[in-house]
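Below, in structure tokens: the form predicted alone, a single chain.
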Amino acid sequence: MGTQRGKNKGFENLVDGQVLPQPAYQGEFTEGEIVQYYNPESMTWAERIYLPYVLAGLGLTAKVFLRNMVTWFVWLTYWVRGKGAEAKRGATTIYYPHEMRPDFSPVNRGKHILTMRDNDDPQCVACYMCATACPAFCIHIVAGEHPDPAIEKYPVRFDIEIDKCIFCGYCEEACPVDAIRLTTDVHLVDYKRERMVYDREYLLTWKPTYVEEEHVYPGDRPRKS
């Protein structure tokens, strides 16, 4: 059971005699609960009114737009002279998912998966190393005692808030048993926020593409909440 050490100190959770630091959480903590983390630092005046950051975002969007327009105009002047191949084009729109970008890096970090043992059980031993290493605090694990005496623990729940993930790969590096991997699959969008939480069962499903009545769902069909 966790104990509160102060607003900015966070919680500490005793697991097998070892103290594991937990991110700051305001309120009572229940063992096994998937908590919502918060930023304890107070916001500045500029952050509270939002307007400077809204204008900064609009300025960045306008900068990219104008840069693309200039690039297209330069390309058009080359194209009129029959030298279009010699100039760079501006940004183009593709018809996703019927068209895919061909320039994704082969080492791109995308969708997470959990590896499995020979009997289809998760390879994960619920050591909390990935959750501890995660800078976005988006991994939540509930551990349980494994029926096999040779395996100490297993994840009863393993949730990743994919909309908070920054795809740094720290979880993959921290895992001592190669239980979590980041694939090159970049198809992570969804229409409902509830489906942006990937649970253990979903992370153990590796279907790359699902086709249903001529509709292609990259990265498997949209999940039902």
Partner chain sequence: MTTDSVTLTIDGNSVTVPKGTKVIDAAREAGKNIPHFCYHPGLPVDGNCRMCISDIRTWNPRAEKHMPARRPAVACWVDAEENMQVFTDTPEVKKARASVMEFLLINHPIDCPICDKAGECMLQDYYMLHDRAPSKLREEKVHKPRLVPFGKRIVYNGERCILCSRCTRFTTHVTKTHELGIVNRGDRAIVEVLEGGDFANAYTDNVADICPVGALTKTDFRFKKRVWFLKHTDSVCGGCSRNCNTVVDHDGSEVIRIMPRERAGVNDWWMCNEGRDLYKEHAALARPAATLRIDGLEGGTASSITTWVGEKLAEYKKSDAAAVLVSPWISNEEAWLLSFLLGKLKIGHLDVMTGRTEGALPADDLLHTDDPNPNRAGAIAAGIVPDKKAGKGIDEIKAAIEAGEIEFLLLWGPHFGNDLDPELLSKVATVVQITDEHDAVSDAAAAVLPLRTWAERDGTWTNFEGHTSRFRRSLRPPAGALDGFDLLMQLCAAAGVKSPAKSLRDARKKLKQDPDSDVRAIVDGKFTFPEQSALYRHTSGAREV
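Being a predicted model, the structure only gives us computed values, none of them experimental. Residue numbers count along the first chain shown, from 1.
Not on display, but discussed next: the form predicted in complex with its partner chain.
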Heavy atom of residue 86 within 4.5 Å of its partner chain in the predicted bound form
no
Residue 145: touches its partner chain in the predicted bound form, heavy atom cutoff 4.5 angstroms
yes
Proximity of residue 99 to its partner chain in the predicted bound form, heavy atoms at 4.5 Å:
no
Can residue 115 be called a contact residue for its partner chain in the predicted bound form at 4.5 Å between heavy atoms?
no
Can you list, in sequence order, the residues from 137 to 166 that come within 4.5 Å of its partner chain in the predicted bound form, counting heavy atoms only?
143, 144, 145, 149, 150, 151, 152, 153
